[in-house]
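Let's start with one chain on its own, the form predicted on its own, as structure tokens.
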Amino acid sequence: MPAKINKIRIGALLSGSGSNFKAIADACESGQIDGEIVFAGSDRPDAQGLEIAKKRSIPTFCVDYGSHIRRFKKKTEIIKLPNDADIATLMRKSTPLLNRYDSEQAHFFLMARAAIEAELLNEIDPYPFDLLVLAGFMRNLTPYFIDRINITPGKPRIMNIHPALLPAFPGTDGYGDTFRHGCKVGGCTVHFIDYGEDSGPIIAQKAFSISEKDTIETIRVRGLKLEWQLYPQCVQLFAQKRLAVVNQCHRLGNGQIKNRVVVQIRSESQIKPKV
């Protein structure tokens, strides 16, 4: 009798068409991923990905970031910082994310985002999950949210896909930046989320060559096809417990020591219990 497969529970956040969400959902249904999607949430009520989820009878919800932020800016809605949020701690932890803002902008950004993220967490709360995938979710998550998902040290459980070969070209337009810099190689990266912008430990990457005949659009099309392959593969590695997050220490030529958090992909033999 075959051993029973324990499926992981996957939550998803998306902002747009949901093509990566669909790729993961398809992989779950086909058995490529030992998992099931337990909810799909969005920051936009018009996100097409929510319709994909509804057609599959996956629970959905929306926390409308844009409406909240507009009301906060107009001061028609008071920002209510969650009781368990400490703005000083958030400012300290968010340093890698806030280098584009002055102090007043940074304070507003964190206050507003923590208030909205508290609502997002309330929507997620009814659905226990093992892994949260960001499938085109176009919002930076603050330490307030991240710390309430990553509850076990050394075991991150928020995964993201980025349209560039990180650490090159973080941000919202990875394929466009790749093209505009005249790169001869492009690609996509799956990584775990940390407090910075697209700076978390890399899980896997896929690359493609770029010729002089390519345009931004042909690069995006080629990249998306790779994303739809790579993301489900990484989710399955998580489901198989083959992703190990470790600290690596490197001594540079000048004697300086640098520590980096990296992801090691373990073989199946390494994760099988010893008899």
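Sequential numbering from 1, following the sequence displayed. Every value quoted in this text rests on a predicted model; they were computed, and no experiment measured them.
One more form of this protein should be noted, the form predicted in complex with ligand GAR, which is absent from this view; the next part is about it.
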- Query: Would residue 113 show up as a contact with ligand GAR in the predicted bound form if we use heavy atoms at 4.5 Å?
  - Reply: no
- Proximity of residue 136 to ligand GAR in the predicted bound form, heavy atoms at 4.5 Å: yes
- Would residue 163 sit within 4.5 Å of ligand GAR in the predicted bound form, counting heavy atoms only? yes
- Query: Quick one: is residue 171 in contact with ligand GAR in the predicted bound form, heavy atoms, 4.5 Å cut-off?
  - Reply: yes
- Message: The chain here is shown without ligand GAR. Which stretch in 172-180, 105-113, 67-75, 86-94 comes within 4.5 angstroms of it in the predicted bound form, by heavy atom distance?
- Response: 172-180
- Message: For a quick check, can you give me the residues of 217-237 that have a heavy atom within 4.5 Å of ligand GAR in the predicted bound form?
- Response: 224, 227
